[in-house]
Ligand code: ADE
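Taking the form predicted alone, here's one chain by itself in C-alpha cells.
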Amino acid sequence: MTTDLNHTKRIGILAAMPEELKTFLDEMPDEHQVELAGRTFWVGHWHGHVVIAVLSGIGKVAAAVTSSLLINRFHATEIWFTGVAGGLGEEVRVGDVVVADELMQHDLDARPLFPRFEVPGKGVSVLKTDADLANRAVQAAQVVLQVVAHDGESHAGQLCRQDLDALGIGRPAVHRGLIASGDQFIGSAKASQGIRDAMPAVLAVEMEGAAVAQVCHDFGVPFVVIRTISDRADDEAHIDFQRFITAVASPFSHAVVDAMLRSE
C-alpha cells in the first residue's frame, strides 16, 4: 500500500453511491486499488492532491469502519462525505443541497444512563463539522448552482439545467445546518415528523453522516458532509430516484468536490 506520506494533506472522499464514486475515479487516472476489510479504496491524485476515494457503506457501522480505515490505514488528514438525503427542513426542497454544520444520531437513546441523543462517554449529542471545510463546501455549491442557473451546465460535473427541468426541479438552493443520521430509512410522514419534533432545527436525514462525525471527532480529523436532497422523507416518491442520482446528485457531488480541490 502506498499513500504518499510525503504530502502533508491526504483527502479521504467518502461516496455514498457507486455513481458518485465513478465520477471521482474518472478524475484520478493514476489511481490504484487497495482491498481492505471487504472494501475497495482507490488511491491517486486529483488536481495534484492525494485523494483516497471509497464507498462509505450503508448505515452507521459500515460508514464508521470505512472512516476509521481512511484515517488509520491511509492517513487521511481530512474526510469529505458526499451523498443524498431526505429533506426535513421546511424550506428544503428536492434538488437542494445541505452542508452540515452539525450532525446528530436521531436513533441514539441510552436513557436512563444518558440523555436522549447523547453519545455515551462523550458528553455531547451534537458533533460539529470543520467550519473552514463547511464554508468552502457552501461556496463551491453556490458557484456550481449559479453556473447552472446562468449557463445551463456546470462543466466540471456536467450538471445540466435540462436534467433539472426534466425532473421538475426549479432553482436549487444551498442550506447549512443540522443533519440527522440513523440506521433507519425514513420514508413516512410520521417518521419524518417524529424527527422534526425531537430536533426542530434539523434540515435533512440520512444513514451515515453522524457516525463519520463521531469517528472524525475522536481522531481529531476535520470533516465535511455534503448532501443533495433526493426526496422529502415522506410517503410519496416525487421523482425517478435512479435518474436523479445519475443526472443530478452524482454530477453535483463531482462538481462540488472538483471546485473544492481547485481552491486548495
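Being a predicted model, the structure only gives us computed values, none of them experimental. When you see a residue number, it is the position in the sequence shown, counting from 1.
Form predicted together with the ligand: not shown, discussed below.
Heavy atom contact within 4.5 Å of the ligand in the predicted bound form, the stretch among 85 to 93, 72 to 80, 124 to 132, 168 to 176: Partner-contacting stretch among the options: 85 to 93.
Among the candidate residues V51, V215, M207, V54, which is the single one with a non-hydrogen atom no more than 4.5 Å from the ligand in the predicted bound form? Checking each option against the ligand in the predicted bound form, the one that comes within 4.5 Å is M207.
State the residue from Q184, Q193, Q146, Q162 whose non-hydrogen atoms include one within 4.5 Å of the ligand in the predicted bound form. Partner contact (heavy atom, 4.5 Å) among the options: Q184.
Is D231 close to the ligand in the predicted bound form, meaning a heavy atom pair under 4.5 Å apart or at it? Close contact exists here: in the predicted bound form, D231 approaches the ligand to within 4.5 Å, heavy atoms only.
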